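Only one chain is included here, represented as structure tokens and corresponding to the form predicted on its own.
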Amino acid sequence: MPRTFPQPQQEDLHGDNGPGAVDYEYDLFVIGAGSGGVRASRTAAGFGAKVAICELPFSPISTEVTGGLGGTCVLRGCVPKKILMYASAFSAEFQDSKEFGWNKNGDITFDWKHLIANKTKEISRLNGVYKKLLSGSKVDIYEGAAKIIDLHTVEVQEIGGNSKRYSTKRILVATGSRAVLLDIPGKELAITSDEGLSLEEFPKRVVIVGGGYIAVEFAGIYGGMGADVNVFYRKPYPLAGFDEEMSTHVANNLEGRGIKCHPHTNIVKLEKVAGGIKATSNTGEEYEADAVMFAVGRKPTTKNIGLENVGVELSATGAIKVDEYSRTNVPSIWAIGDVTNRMNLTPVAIMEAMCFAKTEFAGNPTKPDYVNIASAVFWWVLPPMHLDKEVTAFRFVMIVRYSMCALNFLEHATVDQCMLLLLLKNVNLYHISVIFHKLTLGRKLTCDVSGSQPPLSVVGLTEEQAIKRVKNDILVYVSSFNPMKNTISGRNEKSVMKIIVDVKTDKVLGAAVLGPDAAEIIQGVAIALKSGATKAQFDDTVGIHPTAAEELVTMRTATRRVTPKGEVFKV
């Protein structure tokens, strides 16, 4: 007998997704068992729906024929990435421990293969956990390749080659996305983040192409484990789209800690050579590496799932077009998560899944809310680099001159003017030296082990976004300080915190934290911003002492006031 569910109050919300009297095998068939697909399945089943879900067979590395319950985040994204990040952070912890009274006898060694084996063991366990969660929710699980045949039929190609078709009233596509390769000669020699988490041998020399958070995080992973890392990106700084001031701090710290950054630079060709892989840049420079990773974006997974059979519309980037309720142009088909290319974050896919289930199976029309969603960039890298003691006065002058051009100062400034600007702008000398040496002189820098790079986490508007979107002046609060742990370890690493406030309403528009446990701190701040907290309420909150987080409720004096025209005034 057909199952019925509470109907939304909004007229025509469903459209025509099939005759109500037809006894379909399923109320919902989900294609893709990542975080979004699993949550939608379990929630819909909890509302009384008969649900099925289909996913490709498990593998640590995704292909057109492999996947696994849990999807990208759990199997080859957030979870395994953070496991490797924990591993990369230990080198700095070992160094810090000495000043806290710990003595280490003998060499400390690192076993990459042991780490990867444990990582694979853990994601295999999680794949099993997701299977239990789905089964416990009475969701039917099919392993194989799913394909839409018509408006209400899905065909599953099983591992053994057999295929079977299932009828369903609704179809939800949650197939996610996959990392892409640059279309350049030799691209088959490159890897993506998938392979980067499962390499058989540790790469001692790594070239990473891309400046987004995936590129930055993998640079930190490999660098923290001792690899020589070069990162190439088209923008002036990495993490385009994040708060520019915070991105500048990230760039300074990355370059100052052994990660060689190449702004405004692309890799145009890869070649197999005796020593590994040779990467050639658009400037003609060549770099040999054991691994070349492309972290240049991801593409929605929409091929080979039958969307063309029913006329589902795609965007120019190949993403499924949906409305505010995740409906496609086909009445019986919905889509959520990265395959729609809205906001590609795991918690967002889960939110979209919940909204879909509430709308379709609980009679409660619910739209995803993308305002004030927090995010974080995690990485740990090798410690600060120091200028070679043999750098001459002439070369230092050239470093300063070059840095002024790079930072959009006077192109023909005198040495004295450059030095004055350097002091006024508080430019990181390590940053300047690394850029100049790398792009102009090519001199080598020496390294000592004394520091690690903390993560960056943000929520709400960046300063640049606030200037463009808010009609009122904004107040910018910035605090830079040395974390308590560093006062004992001697690590020269500043934490930076930033708050953006609307002058007229006193509402906190955005916040950013660069420092240890940044993501843990920002998660709490996100709740405050979602609730519309004001700066006065931040100020009235009693801090927890001694913590870094208390700085967010003790910043009383604004650093600057900025008008909607971008005019900056000291407060």
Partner chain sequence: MGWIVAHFATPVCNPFIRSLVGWLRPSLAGGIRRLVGWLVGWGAMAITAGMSKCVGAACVRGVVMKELVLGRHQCVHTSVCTNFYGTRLSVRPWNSRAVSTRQGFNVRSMSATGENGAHKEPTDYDYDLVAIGAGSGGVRAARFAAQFGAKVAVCEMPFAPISSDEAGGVGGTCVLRGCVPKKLLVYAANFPHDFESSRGFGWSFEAEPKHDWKTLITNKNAELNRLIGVYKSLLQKSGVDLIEGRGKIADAHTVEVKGKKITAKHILISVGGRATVPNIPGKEHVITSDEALNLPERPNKICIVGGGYIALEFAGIFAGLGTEVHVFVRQPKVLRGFDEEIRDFIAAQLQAQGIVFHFGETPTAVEKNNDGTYSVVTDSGKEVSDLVMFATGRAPNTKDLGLEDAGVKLNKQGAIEVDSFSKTNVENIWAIGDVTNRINLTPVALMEGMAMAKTAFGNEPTKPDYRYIASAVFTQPPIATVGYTEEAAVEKFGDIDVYTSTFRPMKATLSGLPEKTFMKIIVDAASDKVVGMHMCGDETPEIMQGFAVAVKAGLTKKQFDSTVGIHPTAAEELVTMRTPTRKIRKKNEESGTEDKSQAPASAAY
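Positions refer to the first chain, counted from 1. No experiment lies behind these values; they were computed from the predicted model shown.
As for the form predicted together with the partner chain, it is not shown, yet the points below apply to it.
Peer 1: Let me know the one among I522, L56, A52, A49 whose heavy atoms come within 4.5 Å of the partner chain in the predicted bound form, would you?
Peer 2: Of the candidates I522, L56, A52, A49, I522 is the one lying within 4.5 Å of the partner chain in the predicted bound form.
Peer 1: Only one of D290, D228, E158, D96 has a non-hydrogen atom within 4.5 angstroms of the partner chain in the predicted bound form; which is it?
Peer 2: Contact check passes for D96.
Peer 1: Among 294-302, 477-485, 264-272, 310-318, which stretch has residues whose heavy atoms lie within 4.5 Å of the partner chain in the predicted bound form?
Peer 2: Careful reading of the contacts points to 477-485.
Peer 1: Can E122 be called a contact residue for the partner chain in the predicted bound form at 4.5 Å between heavy atoms?
Peer 2: Contact with the partner chain, yes.
Peer 1: Using a 4.5 angstroms cut-off on non-hydrogen atoms, would L133 count as touching the partner chain in the predicted bound form?
Peer 2: Because a heavy atom of L133 falls inside 4.5 Å of the partner chain in the predicted bound form, the answer is yes.
Peer 1: Just checking whether D23 would be counted as a contact of the partner chain in the predicted bound form - the rule being heavy atoms within 4.5 angstroms.
Peer 2: Outside the cut-off, so no.
Peer 1: Quick one: is T63 in contact with the partner chain in the predicted bound form, heavy atoms, 4.5 Å cut-off?
Peer 2: The answer is no: T63 has no heavy atom within 4.5 Å of the partner chain.
Peer 1: Within 539-571, which residues come within 4.5 Å of the partner chain in the predicted bound form, counting heavy atoms only?
Peer 2: Heavy-atom contacts within 4.5 Å come from D540, T541, V542, G543, I544, H545, P546, T547, A548, A549, E550, V553, R556.
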